[in-house]
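Given next, in structure tokens, is a single chain: the form predicted alone.
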């Protein structure tokens, strides 16, 4: 590896770890793989991180936080709670690859065996739910949505989105991305007392979130 500051070197290690995780999955990512991607030794990797679990968690958290921030930024550009929810769905919709959601699926599968990863994925999952809950709460306060329990409703909508997207990633010939997007929007409209079809439409040029790819 080229000579660099300790901070820059650690960033390069985390970036290489994320690339390996995307390529071959979290469970199959090893120190040797990361070292090979960087053209260095496993010993150097161990010098900068205390464990592989720590490294995998940091790489996952980096990617997942960027997804969340991108979605939150898209939502903040809305004009009212319905537009905020519409923008949330637009940012959450899968586009041209499955890498983001596949990373989440890997993290969920590995969480029981990796406590640090479990804590990170739980924290980020709660942040996604919190984003939706805030939109619903604002919508109810302004009288454009009807919901007795925004906390529960937001968990139901997030769970539906994740479940449908899992189907598109694993069995795209069974449930298409278009169906997943349409069904989740219809469910939100029913859940929140909205006019059918009001959540349709993707903002021109919008960049989809990696949580659901």
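Since the structure is predicted, the reported quantities are computational estimates derived from the model, not experimental observations. Numbering follows the first chain given and starts at 1.
FYI, the form predicted together with the DNA isn't displayed, but the following is about it.
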query	finding
Contact residue in the predicted complex, chosen from 159, 65, 41, 176 - any heavy atom within 4.5 Å of the DNA	41
Proximity to the DNA in the predicted complex, single hit among 144, 166, 147, 52 (heavy atom within 4.5 Å)	52
Among 31-39, 184-192, 147-155, 65-73, the region lying within 4.5 Å of the DNA in the predicted complex by heavy atom distance	31-39
4.5 Å heavy atom contact, residue 171 and the DNA in the predicted complex	no
Contact label in the predicted complex: residue 22 to the DNA, heavy atom within 4.5 Å	no
